[in-house]
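Coming up are structure 1 and structure 2: the same protein chain in two forms, each one given alone as structure tokens.
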Structure 1
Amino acid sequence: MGVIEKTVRTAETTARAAELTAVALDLFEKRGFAAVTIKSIGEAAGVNSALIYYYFKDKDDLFRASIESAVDQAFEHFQALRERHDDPAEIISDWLDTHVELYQVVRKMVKVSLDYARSAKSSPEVEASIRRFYDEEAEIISACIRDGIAGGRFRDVDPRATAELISTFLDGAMVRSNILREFDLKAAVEQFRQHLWALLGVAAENRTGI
């Protein structure tokens, strides 16, 4: 992660490094990599900007660390989600809700990924993190759909393609909620859910999350 990787890590250095990546992630997501200054990160974290170079090699290194932390955050939610239910329709429904209620986490990934994509820098670690995020996302949703089909609760659709439809819609919803102030994320997701149940052939009385 940071520059002190090879040195001894006390509880404090770890906490500080984590705090800095969290603050940086927040700013990178809000304003984009190039628009964020090292000084502004220091200010937001309440420390002198020079301290950042104690923990991280340079701005790119900090960016890498914050993308990794975003992926980790997203994964925690994925994990929690899987453990909350065993019914596939409930998982998908909860998935949609997660994007509404905790959408900050996912939105961060989408925006930081977009940011990275246009940066022309190439870092195998960053690319691996982003891929890990999207792969896991696709895997969770399509596994749910497969389960639902196997259990006779969903119509026999293409699990992979349907998972991609869901993810793509949610990415679009993230973007629109950023661009259009009046965009009603909750209502749009609700409408999409109805639509999805129809596609999957879930009968109205069996629908969850309505």
Structure 2
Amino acid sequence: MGVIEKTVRTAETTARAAELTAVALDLFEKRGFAAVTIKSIGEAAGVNSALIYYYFKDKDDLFRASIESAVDQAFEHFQALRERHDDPAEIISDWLDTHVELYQVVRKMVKVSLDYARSAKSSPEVEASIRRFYDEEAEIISACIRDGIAGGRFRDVDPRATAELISTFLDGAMVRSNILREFDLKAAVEQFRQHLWALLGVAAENRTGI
């Protein structure tokens, strides 16, 4: 097999695996972890369920891959926004906007993670994938707050505690969006953003454009 053929084959394999994780995430969100089977995922994807085992060893492995895919999408989108500037307030603002712009993906991730946490299953690999999102989020936001304090942009607050506050609000907003159909996520995030700037000591006249 030549290099080009191998590259094409690898791309096709990656694309098919991505399709299966997207279908699986939808099913896990709609039906719950316990109710979803490899067979039902195969039916929804329009493939023989035996094919799924070519890409994933079992349902837990596919669930882990679905979570990883959602996490990757969120951080890739955020990174694209982040490359436009390096101001710490704008970077934090971009993370808030990522949750609005990737609402469907993040909402599904939060919902299936909650469902998995309530199930009797316990997989270190799955739990590590879920924790990865929060660990990376905490590191990014804490670093931004530390930079903002050092540069005189923010008042002296506890970076880790403030990062946890931001993360907790975003989780709560996603949970509420699962419960109340009329919940306006964009408006809630904007209101929180203004409270956050007040907490960080960003003067009102300096908030324009953030």
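The model shown is predicted, which means the values in this text are computed figures rather than measured ones. Here, rigid core means the biggest group of C-alpha atoms that superpose within 1.5 Å across both forms. Residue numbering: sequential along structure 1, first residue numbered 1.
Annotation: structure 2 represents the form predicted on its own, while structure 1 represents the other form. Comparing the forms between structures 1 and 2 on their rigid core, the Cα displacement of residue 72 reaches 2 Å or more. Core-superposed comparison between structures 1 and 2: CA of residue 52 displaced by 2 Å or more. In this overlay on the rigid core, residue 167 has a C-alpha that sits less than 2 Å away from its partner position between structures 1 and 2. Summarising the core-aligned comparison between structures 1 and 2, the C-alpha atom of residue 42 is found to shift 2.6 Å.
With both forms fitted on their core, the C-alpha atom of residue 81 sits 4.4 Å from where it sits in the other form; this compares the forms between structures 1 and 2.
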